[in-house]
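Just one chain follows, in the form predicted alone, and it is written as structure tokens.
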Amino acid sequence: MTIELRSVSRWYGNVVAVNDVTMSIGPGVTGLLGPNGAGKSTIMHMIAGFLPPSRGELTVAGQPSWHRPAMYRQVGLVPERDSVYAFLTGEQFVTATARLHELGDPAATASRAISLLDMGAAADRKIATYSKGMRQRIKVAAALVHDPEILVLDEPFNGMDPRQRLHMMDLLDKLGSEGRTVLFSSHILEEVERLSGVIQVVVAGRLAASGDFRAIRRLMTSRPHVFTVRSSDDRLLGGALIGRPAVTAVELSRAGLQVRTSDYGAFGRDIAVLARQHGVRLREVLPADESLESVFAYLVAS
């Protein structure tokens, strides 16, 4: 099942929150990135049917999300803000959600969802006693109780400790590999880099980039790419690289060479040829600035 946005805009009076965004979100895990105020939550609220687009078309599983309550049989939603009743226990909250979905055995389905989130030991405690991370996990359990094909999570890792985050990442990865459509937003860039097959980067209400973040980075030719190179003779190889048109700078240190190039592909071809010509053995060639954080910082600054 897919989520489609076609030239979607959303404004509040004179304030434009989302501006002419077109994107397609299919099965697997997709990360939605952007600085605070970029429009991520507005996009998610429109997908969830809480807001109509001011202009454009937004569909979930082929149908508009606005004014379509039946959509929630296919969609699980985890909003960023707390949406739990603190006086209920975790088990009561998830079971109540199962009843709202009119599931055949609410208690059994709630128990399965709670176990999936590793919350069984705290299921009989009131949510008021939960930490932020535990509240996030019980919200995810409620969102999964009806086994939805589409899962939308706004900042799901907030408040989680490292163990909880790893468990959540493994769960989302598993759901995506099963063919479900999982869309989540996060400011924890390293985790998005590890988890997402596709990223959608939103800056100032516009879609700044879409696709695999490494492929996006390689298309950014307006600033040099940086590589760390280690070889059997760094000095000899560095001297050979300096003469190549695609290489803009070479720095030699004890750790190896740091090479700046304006052409990712040309550098990859050149270094292999030069190493062979000069009898140098390459031990390591690593992009030094291909992390998601590098991509994100570049797009925000552009």
Partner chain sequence: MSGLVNPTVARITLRATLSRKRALLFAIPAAVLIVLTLVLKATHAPSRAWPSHVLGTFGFSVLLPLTALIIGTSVLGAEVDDGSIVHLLATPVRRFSVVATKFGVATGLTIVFAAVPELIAALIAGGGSASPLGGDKVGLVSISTSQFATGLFVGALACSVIYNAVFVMVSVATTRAIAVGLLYVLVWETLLANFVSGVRLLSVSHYGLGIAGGFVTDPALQAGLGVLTSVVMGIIVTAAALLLAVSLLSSFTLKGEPA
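This is a predicted model, so every value here is computed, not measured. Positions refer to the first chain, counted from 1.
Beyond what is shown, the protein has a form predicted in complex with the partner chain; the following relates to that form.
Contact here is defined as any heavy atom lying within 4.5 Å of the partner chain in the predicted complex, and by that definition not a single one of P27, P53 and G62 is a contact residue. Heavy atoms within 4.5 Å of the partner chain in the predicted complex are found in one stretch of 171 to 179, 208 to 216, 228 to 236, 84 to 92, which is 84 to 92.
Contact check for H67: a non-hydrogen atom falls within 4.5 Å of the partner chain in the predicted complex.
Using a 4.5 angstroms threshold between heavy atoms, L100 counts as touching the partner chain in the predicted complex. The partner chain is not shown here, and in the predicted complex it never comes within 4.5 Å of any heavy atom of A240. In the predicted complex, at least one heavy atom of G37 sits within 4.5 Å of a heavy atom of the partner chain. Exactly one listed residue, out of E80, D118, D161, E149, brings a non-hydrogen atom to within 4.5 Å of the partner chain in the predicted complex: E80.
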